[in-house]
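Before any questions on binding or motion, here is one chain by itself as structure tokens, the form predicted on its own.
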Amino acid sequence: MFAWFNETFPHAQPLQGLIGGIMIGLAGSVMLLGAGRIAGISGMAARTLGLTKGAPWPLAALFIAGIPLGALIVAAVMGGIPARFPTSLTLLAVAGVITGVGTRLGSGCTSGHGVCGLSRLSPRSIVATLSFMGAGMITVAIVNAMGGGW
């Protein structure tokens, strides 16, 4: 079974994924139980930029600042985690804009709906998360069919 997994997902890092998932769940729990807020990154980013109202600005700004800070801590402790991105900066920018528009249309992103919403059994979050996952799978299949090699 491990041979199949390693051949199918040669770049997978399940231990790092597990640790990251635990940390995201812990952050979402602390935010909900400690501040009574859903830890949606797109909502916090929008609040930090003054685009929406909601969480107190210092809380939102600290939450957003903690994301790259956490990555720096992980890089310092583990020596960094290799990541692969499309080589085209234009493609990366277009994908970011599409993601941003999608999170506004869906009233949240994968962290808010997928982590916090699913754990609360929110019907809206279940539909949103299924939509995110389905769109992601279709996108990867299309890109692979076009020779993208993801």
Partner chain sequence: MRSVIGLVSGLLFGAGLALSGMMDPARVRGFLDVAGNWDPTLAFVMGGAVMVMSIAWLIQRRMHSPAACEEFSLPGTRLIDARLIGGGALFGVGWGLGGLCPGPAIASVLFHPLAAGTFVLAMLAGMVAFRIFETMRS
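Whichever C-alpha set is largest while still superposing within 1.5 Å between the two forms counts as the rigid core. Positions refer to the first chain, counted from 1. Everything numeric in this text was worked out from a predicted model, so none of it was measured.
The protein also exists as the form predicted in complex with the partner chain; that form is not presented, and the subsequent description refers to it.
Any of the heavy atoms of N6 lying within 4.5 Å of the partner chain in the predicted bound form? The answer is no: N6 has no heavy atom within 4.5 Å of the partner chain.
Could you list the residues in 8-37 that come within 4.5 Å of the partner chain in the predicted bound form, counting only heavy atoms and keeping sequence order? Residues within 4.5 Å: F9, H11, A12, Q13, P14, Q16, G17, L18, I19, G20, G21, I22, M23, I24, G25, L26, A27, G28, S29, V30, M31, L32, L33, G34, A35, G36, R37.
Quick check: M137 between this form and the one not shown - does its CA shift reach 2 Å or more after fitting the rigid core? No, its C-alpha moves less than 2 Å.
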